[in-house]
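This document starts with two versions of one protein chain, written out as structure tokens and named structure 1 and structure 2.
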Structure 1
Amino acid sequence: MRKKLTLVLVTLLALFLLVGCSTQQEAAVQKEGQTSQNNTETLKIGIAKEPANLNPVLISGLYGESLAGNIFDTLVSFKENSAKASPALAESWEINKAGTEYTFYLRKGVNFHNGDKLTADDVKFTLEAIMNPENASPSKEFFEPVKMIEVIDDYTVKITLKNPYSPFMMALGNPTAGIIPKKVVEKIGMDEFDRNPIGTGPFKFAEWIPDDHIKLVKNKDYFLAEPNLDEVIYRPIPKAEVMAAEIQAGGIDIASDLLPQDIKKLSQDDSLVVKTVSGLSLKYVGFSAQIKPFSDVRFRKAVYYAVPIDDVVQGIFGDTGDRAYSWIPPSVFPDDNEYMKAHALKQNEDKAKELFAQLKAEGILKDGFEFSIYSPQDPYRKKVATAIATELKSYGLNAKVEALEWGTLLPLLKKGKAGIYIMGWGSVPDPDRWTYKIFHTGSAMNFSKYSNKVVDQALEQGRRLVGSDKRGTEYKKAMRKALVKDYIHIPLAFTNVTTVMNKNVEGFEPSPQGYFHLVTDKRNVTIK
């Protein structure tokens, strides 16, 4: 009886071990590979969130782009200068006068990581894959103006646009337009390629252990230079305070997305170097243009008057962000900061009270009005929401903060169901990317459901005019109307990109978009 039982238990135990071993074998093989070459240069980068995708066509967020930038190459590059395109896979290019025909001459002798040659066919395939609705590419919208892609010869591609579209080069230079190998993707499919990406970039994809790390190894034959680093490991560390602990303890070499107080603390550590560049991302408060009472401009102005925005931004973002007055960052043309700043509202309790009283008298606002301020689960934005909710309490408004997961928050915002929300935006340095998708009627990111003819027209004009001062006037017009006349948003802060790195990391500079460029024509990051 007992013998039998022991037998059963032993079998069960064996089964468990089997399961453990089968997964352990793979790992063991990798481990050996690691230990055999002891003096490998490995750079460990901490990232706040694990990317969901590595296939450029499918990538939807910053971290995916950041990784893809090291695995793939784009036709043109903005890695060293985020405003001006420089050659990458395309050695040179021509744009016709009307701004509708782009001809790219590809660099010869570039190979994918699997040894295949890169040709114009791959370029055509990649861009068409982005435009193909079946792939549901998040970057599809940037290629909407494309009419036709022609392969002239193996190393020449011509792209024809339906109408001139100024930010087109930016779209081509974004990591989401990284060129993928036609042959491989056609064979294994988009999803499989997502888990086993092959590009032309400085690093080859090696392994991805979800929620633990993604490992890249160097591509010796990279066309710019052989990377100095042998391996790059990206580690997703969701808690900012843990990230700070890790960089201090030496678990990672580069940390990003740190909290202001941690940056201050880490800057006193002699073994670490703190580097900051002004970034290309904005945090803002948005109001609904459709839901009462938020749709009443007096309500929005009252909130603006009620909350000491300057103090809130200083208190919450500290040195990691500067007060914003417009959507378009100061470094991006056209600069209208002075006008916007002059017309921003300063805290004024009496005016706030007066406006709220007016609204109450007209029956638009009830005393003790209950509503939610929506924000994502990010410490900064949650704190802003908390501060606003607290300030409004003293005006007899019962605001509560709902810090939601993206999965819940995004559908809510897309449907325009949020009365007040704290959101952010980051993009490339072109005014169109900072305005059209947010303020144009019916745009995907227009969470306020804002709709104004003047603004719409100005934004449409801005897309058509190429590189002229008139273009700037249009964007100024749109911003002035939406932000300091209608007060549909309160811009909070342009956040800086600060990276903290180990002293022995050489040649690394943070990029305004928060990418990690490791090998470019100007740099080749190394570890001493």
Structure 2
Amino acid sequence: MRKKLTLVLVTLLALFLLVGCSTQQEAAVQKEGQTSQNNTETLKIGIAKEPANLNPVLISGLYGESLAGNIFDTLVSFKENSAKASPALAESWEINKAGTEYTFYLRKGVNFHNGDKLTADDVKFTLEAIMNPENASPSKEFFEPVKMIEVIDDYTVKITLKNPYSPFMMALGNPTAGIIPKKVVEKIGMDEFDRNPIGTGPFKFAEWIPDDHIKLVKNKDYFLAEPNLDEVIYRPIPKAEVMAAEIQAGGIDIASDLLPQDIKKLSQDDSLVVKTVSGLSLKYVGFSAQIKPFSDVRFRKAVYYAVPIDDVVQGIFGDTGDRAYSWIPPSVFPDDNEYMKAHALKQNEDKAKELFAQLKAEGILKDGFEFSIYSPQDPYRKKVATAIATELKSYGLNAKVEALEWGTLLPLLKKGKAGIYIMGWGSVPDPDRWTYKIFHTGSAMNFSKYSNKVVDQALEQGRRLVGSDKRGTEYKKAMRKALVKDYIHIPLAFTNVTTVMNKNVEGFEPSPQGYFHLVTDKRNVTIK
């Protein structure tokens, strides 16, 4: 009996030791896994909108550009100095005296993420893909002056223009001119490449789960420096209040497009850092130049008179933006802000009633006229639309606010089917990028379908002229005609760029365009 009891106790002890050993091993494995995971530097960025495209040839919006800027490289870079080109894929270049021939000398030893070498053939292929009408590239307009692209050798490419084109380097340095691999795209096609992008940039595309996240991983062989970050995850968070909650809870490390009240609240959190820079982003009211009664300048002026624009801008944008009077930011030449401000319309109920009455008397406007004011779903522009609708109600106009998803709103705008809409624009510090795409006849982003010979000619001249004074005269002419005489748009506010980030994020600075530059010749973002 005693022997049996002893045997049972020995067996139980062995089992206990075995289980204990197993538990310790599991704990060790679990701890090792946690350490490995903790050693992986993952930066989570909240973005207000999921990009529609990642293929530079097809990109048409800020968020696509922002992501593409970390996957692809351009010939030249404006990441650290938005007014001066720095070497990128091209280590040097030459421009002839006439300003019509650009010769770029590429870096040697740069590889695409799949291991293929970057050559001049890829540069030629990319730029010609943008220029090819079959690809319907939103950036095609910026390369219309290109006459010919020649491959001199594997690392030299020459671009000849039809005529001098002042903003050409800006066009080459924009993320929408990121260089793509010829062999890969020819094999799988533009659309397939859009969901499987391959560049030379600091991060490689890893996965895209629609409406959830886009994941990038480090390119260890990046020619500037090995990225400090192992992974970057972009999370689309359309609602600003949710974005604020996520940054405070630690769900993301960088947040932008936040409401003023949330920025103020988050600035009091010791675990967060708030950074603000003057932005290159405009919010505006647009009118159709084709749909009645919006196409009648008297209607546009009447709306302008009816709405207290100054109060609306201050009440909605607060300290996050400054009242705009022109499409061209004050920091970008030509500075015509005083003239545009002096000719902006102030609220005047009597003049608004008079103009509406004229339109009704002529049968252009009917009593109780019902229409929609279109906007994206972001709270700023939705509030502007609501404020305008509220003011117009007292004049017998029944406006309905339709805040639509981008997938629905953008096609409607491109077809010119919106009578009145609230939109935004952001770009580089050159007047061409602020005006040509929006006001020139036939431009895909000319949502108003506005067409005026004076404006077209001025914008075309502005592209050809070299020298800020001469160019500036043309842009002043265009803006004074479109905004002061035709009132095709009402500029609202130039908004600042404010980012809120976890205090453990190091090396990140917000850009005026709202981009997320993570690795440049001067910075390499990390998270501790």
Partner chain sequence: MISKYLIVLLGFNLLTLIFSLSKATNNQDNLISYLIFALLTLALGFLINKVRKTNQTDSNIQTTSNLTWKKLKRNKNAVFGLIIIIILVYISILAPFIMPHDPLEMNWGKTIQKPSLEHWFGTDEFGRDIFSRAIYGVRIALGIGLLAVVLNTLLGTFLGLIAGYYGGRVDNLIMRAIEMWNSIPFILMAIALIAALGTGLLNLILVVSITGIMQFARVIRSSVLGLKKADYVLAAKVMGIPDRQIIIRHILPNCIAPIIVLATLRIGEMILTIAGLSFLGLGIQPPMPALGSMLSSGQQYISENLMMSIVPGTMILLIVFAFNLLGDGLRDALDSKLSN
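Think of the rigid core as the biggest set of C-alphas that the two forms share within 1.5 Å after superposition. Just so you know, these numbers come straight off a predicted model, no measurement behind them. Numbers follow structure 1, counted from its first residue as 1.
A.B. asks: Looking at both forms of the chain, which one is the form predicted in complex with the partner chain?
C.D. replies: The form predicted in complex with the partner chain is the one given as structure 1; the other form is structure 2.
A.B. asks: Could you check whether Trp406 sits in the same rigid part as Asn196, given that the chain moves as two rigid parts between the two structures?
C.D. replies: Answer is no, each lies in a different rigid part.
A.B. asks: How far, in degrees, does the smaller rigid part swing between the two structures?
C.D. replies: About the larger part, the smaller one turns by 15 degrees.
A.B. asks: For Arg298, give the CA shift between the two structures in Å, the superposition being done on the rigid core.
C.D. replies: With the rigid core fitted, the alpha carbon of Arg298 is displaced 7.7 Å between the two structures.
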